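Have a look below at one chain only, the form predicted alone, in structure tokens format.
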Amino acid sequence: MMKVFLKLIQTQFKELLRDPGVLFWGIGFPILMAIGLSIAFSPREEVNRIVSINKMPDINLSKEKNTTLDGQEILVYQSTISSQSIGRNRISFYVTSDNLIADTLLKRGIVQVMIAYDDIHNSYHYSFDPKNPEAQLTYLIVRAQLEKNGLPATNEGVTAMEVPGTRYVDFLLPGLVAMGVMMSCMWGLSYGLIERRSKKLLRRLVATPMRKSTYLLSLIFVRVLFAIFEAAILIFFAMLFLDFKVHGSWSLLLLIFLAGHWAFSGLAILVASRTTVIEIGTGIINTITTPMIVLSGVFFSYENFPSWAKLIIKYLPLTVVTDGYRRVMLEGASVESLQIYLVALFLFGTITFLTGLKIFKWY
């Protein structure tokens, strides 16, 4: 028995070594991901912290290049604070006297702290979510820098943001819904097809008069129904127990939900169109989903990334879906303002689905 057991072990090792794809996705790819994550989350020489303020106090700050939000220009001032304990932090003050714009900056995760300055009494008032550790740290750093520039801490006030739409949980929930759609498609559709092909189950369907498109669309339809049910549970749970509110239209939310699901369904079909080995399929799915979960603003704003990285991140499918959800849920956006999101998602899903359908094989 021992001889047979050792012979079987030797055979299994030979099978693995004959398939370099398995070795790469099982060993090489996790190493590459560890290297990439270590680079992404390594200590940075300078951390950019953005806050909004209604009016800049009379202090010496350098002027930055102005930015825009939905076509409206915003003045930007910059200050830098350094210490051994917190490192080097660059503070960007977005100057806006319009509370609506300030709220929008907060809901999109661009800023985490809002400051109201009263030049008559030389006082300032902070507003942020105390349950968000990053917002707390930003408040302490900005407060220290303003004190350094002559604004006394005794003339300050602090308000904890508890209004639905301005809390971190409100920022997080749309990202979780979007991530759920992506994972449902990539693992439910893509992995399921790859597993069936590897087990020779798809091969049996060749003899039927069924079209490939009919079979794949039926899988997508069932997955859509499950995804709607899963997302509804999460949203209604947040509404009941976390005081979450959907500020926009439910029909528009459903429309962008379907657009996002179609986009990821097309991508899932393309990934699974020819893959026959489960290990390789798992590696490809992880290659696609893991970077988007980290980069696309699900758990934290992608505004913290460098400018060159944001140019790429904004066009990732998960970023488009997440931003669309937040615009509807938190800002009450109209269908006109989301046309570009809907068109991009439906177009992406159609191209990837047709491409996957074209090269799809049963075995």
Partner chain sequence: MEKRKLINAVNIRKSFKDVYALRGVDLSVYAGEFVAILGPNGAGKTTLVEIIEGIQTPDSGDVVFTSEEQGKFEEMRWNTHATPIYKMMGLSLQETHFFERINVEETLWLFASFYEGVTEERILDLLKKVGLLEKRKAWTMHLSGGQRQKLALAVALLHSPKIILLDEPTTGLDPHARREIWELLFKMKNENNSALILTTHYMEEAQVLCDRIVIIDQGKILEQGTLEQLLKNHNKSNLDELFVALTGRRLDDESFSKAHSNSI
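Positions refer to the first chain, counted from 1. Predicted model only: the values in this text are computed from it and were never measured.
Not pictured, yet referred to below: the form predicted in complex with its partner chain.
Among Arg88, Arg274, Lys245, Arg204, the residue placing a heavy atom within 4.5 Å of its partner chain in the model of the complex is Arg204. This chain lacks the partner; the member of Arg108, Arg143, Arg196, Arg223 within 4.5 angstroms of its partner chain in the model of the complex by a non-hydrogen atom is Arg196. Figure note: of the listed segments 196-204, 277-285, 98-106, 226-234, the one touching its partner chain in the model of the complex, with heavy atoms no more than 4.5 Å away, is 196-204. At the 4.5 Å threshold, heavy atoms of Ile293 stay clear of its partner chain in the model of the complex, well away from it. Taking the partner from the other structure, its partner chain in the model of the complex has a heavy atom within 4.5 Å of a heavy atom of Pro209.
Among residues of the shown chain, Tyr117 is not one whose heavy atoms approach its partner chain to within 4.5 Å in the model of the complex.
Its partner chain in the model of the complex comes within 4.5 Å of a heavy atom belonging to Tyr215. Heavy atoms closer than or equal to 4.5 Å to its partner chain in the model of the complex belong, across 345-363, to one residue only: Tyr363.
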